[in-house]
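Shown below, as structure tokens, is a lone chain in the form predicted alone; questions about how it binds or moves come after it.
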């Protein structure tokens, strides 16, 4: 029996590796395709093959994308808006998780359910009503037009993870803190929050990645370049009758680079946090 089991494992392991390699190549191919086309000239774009072998590598596409695409301004806006969204989502989700999971009040379960129902609402389903509300309040073409929906639609997932992690923290710690005279905010931010580091890291990374490349809301609510985010750089090279496709691919590569780098560096925190949250939940 043992020999049969070893033979099976010897056969299944190579098959498993082959399947995983094929899946990895399929997942990575869009990035390879993007980089390949970004280093070609616009005349070489229209090819029958999946990839292009450029006659000459066009590094100038990236220079043009960086200089003529308002890249630094849009990058600054993306970092500012996404950074504020991450901070607000973490703060609100910690306090909401504590209020709904630890504090005893009649509507705690109802409020938690209503907040988690946000997981079922697509972010772009609220484009029109949000636009009418922002127009009435004078919030269109401001940072708040993006910040409010980014925080609102990231909060349900963050609340789910925070609640799952918070359930593993002993209640006795809070009771001892109350006996020592700690107030509610001191309990949350000095006792509970340091124990939520894995979930905080996961929430921060997932909020950043989910909102980084968002374009539909940004294009609906923003009209002037003041608060436009990084995906708008692509439109700088789109004309009425023709477009510079090679530079557009370069812009897309530059736009995707921060998210890809963050994911590669912090991938362990994402998978670990989600897995731990699921088990504890």
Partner chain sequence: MKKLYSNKLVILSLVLPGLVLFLFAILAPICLSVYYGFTDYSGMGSYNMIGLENYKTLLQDPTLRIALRNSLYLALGFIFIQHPLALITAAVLDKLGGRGENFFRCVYFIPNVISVAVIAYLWKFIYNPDFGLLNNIIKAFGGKGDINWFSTDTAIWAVLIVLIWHGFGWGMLIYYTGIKNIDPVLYEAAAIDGANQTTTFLKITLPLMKPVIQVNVTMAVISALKQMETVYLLTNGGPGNSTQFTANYLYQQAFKAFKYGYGNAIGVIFIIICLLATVILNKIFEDREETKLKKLEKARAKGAAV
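We call the rigid core the largest set of C-alpha positions that still match within 1.5 Å between the two forms. Residue numbers count along the first chain shown, from 1. From a predicted model like this one, the values you see are computed outputs, not experimental measurements.
Keep in mind the form predicted together with the partner chain is missing from the figure; the text below concerns it.
Although the partner is absent here, residue 152 sits close enough that one of its heavy atoms falls within 4.5 Å of the partner chain in the model of the complex. The shortest heavy atom separation between residue 30 and the partner chain in the model of the complex is within 4.5 Å. The partner chain is not shown here, but in the model of the complex it comes within 4.5 Å of a heavy atom of residue 45.
Among residues of the shown chain, residue 41 is not one whose heavy atoms approach the partner chain to within 4.5 Å in the model of the complex. A heavy atom within 4.5 Å of the partner chain in the model of the complex is found for one listed residue only; from 72, 80, 178, 87, this is 178. Not one of 65, 67 and 207 is positioned with any heavy atom within 4.5 Å of the partner chain in the model of the complex. In summary, the region of this chain contacting the partner chain in the model of the complex, judged by heavy atoms within 4.5 Å and restricted to 72-80, 93-101, 160-168, 194-202, corresponds to 93-101.
Contacts between 217-237 and the partner chain, taken as any heavy atom within 4.5 Å in the model of the complex, involve 219, 220, 231, 234, 235.
Positional change of residue 216 between the shown form and the other one stays under 2 Å at the C-alpha, relative to the superposed core. The Cα position of residue 27 differs by 2 Å or more between the shown form and the other one after fitting on the rigid core.
With the core held fixed, residue 37 shows a CA shift of 2 Å or greater between the shown form and the other one.
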